[in-house]
Ligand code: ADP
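The data below hold one chain only, encoded as structure tokens and taken in the form predicted on its own.
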Amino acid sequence: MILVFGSLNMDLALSVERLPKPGETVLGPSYVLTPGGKGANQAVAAARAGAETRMIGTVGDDEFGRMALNALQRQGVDTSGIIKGAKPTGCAAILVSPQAENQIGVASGANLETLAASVPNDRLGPGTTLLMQMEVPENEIWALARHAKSRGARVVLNLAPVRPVPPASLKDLDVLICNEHEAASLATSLGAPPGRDPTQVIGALAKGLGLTFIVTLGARGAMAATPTERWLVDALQIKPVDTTGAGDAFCGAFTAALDRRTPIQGALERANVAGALACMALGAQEALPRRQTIEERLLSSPRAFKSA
């Protein structure tokens, strides 16, 4: 089972002629209001990729909160661990250009009330994969990672949006997923010289800390570094429409594959496909691919290969 501890938002996505400069207003023809939040997106991505999934988080006692819950329930995500807080439901404003680039601002709202203590002990154990992101209070993330690790759960963290990671907390993780910019920030915070290739640093950290690092590389694909080996996979060739949910699709599909005991290289391949497919439609949760679609596209997609 996958247990997602994270954020729930409603996303206001605006199509604009180009992304604005500071202080500038740009016009666009339309907008859509859709459920989002990295936690909720990754829960839906994991469920659509075939995993039994439960969400832990906080919404407000408002219409946005009811919409967010209904969206998860329609996708088969267990929402019994989501509580109603005193603050309003989180909200994000997303500007999307014709080139599929985006700018995002997030009002955290009720996500700031999400607590590690909300996770029951009976949900943490060797049969659970805990998936977290960085849109809820970081002290709660580190506390839950430590507690889950002590109970034998697999702990996966998506370092997005990037924040400093206490070195001691890295030892509580089994898998760390980040993009190349987040990897560079992490590497610098851990003492790597500025400008050094973060994928090289990540490989060394994987070996030193005994965990698996995953780095998404955009148009160059993705890599996985375990304590003993490195895997690379080339990007799927697509024409992107909106990249908003790509990272969440990658994380959900990767974690779902791990939960099925798929080897690292197979999980990397499936996540790589899922992330690319999510770029082919507007919105976050609506664009997340299902397991059958991922498996079908996998047959014609690049395969992971070992790298020295």
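On a predicted model such as this, the values are computed, not experimentally measured, just so you know. Position 1 is the first residue in the sequence shown; the rest follow in order.
The form predicted together with the ligand is left out here; the points below concern that form.
Taking the partner from elsewhere, residue 222 is found to have a heavy atom lying within 4.5 Å of the ligand in the model of the complex.
Put simply, residue 28 is far from the ligand in the model of the complex: not one heavy atom of it is within 4.5 Å. At the 4.5 Å threshold, heavy atoms of residue 240 reach the ligand in the model of the complex.
Residue contact check for residue 218: one or more of its heavy atoms lie within 4.5 Å of the ligand in the model of the complex. Remark: none of the three candidate residues (9, 64 and 71) comes within 4.5 Å of the ligand in the model of the complex, counting heavy atoms only. Proximity to the ligand in the model of the complex, defined as a heavy atom within 4.5 Å, holds among 116, 236, 134, 106 only for 236. None of 57, 275, 37, 252 but one reaches within 4.5 angstroms of the ligand in the model of the complex through a heavy atom, and that residue is 275. Proximity to the ligand in the model of the complex, taken as heavy atoms within 4.5 Å, picks out 242-250 from the listed stretches 256-264, 28-36, 242-250, 45-53.
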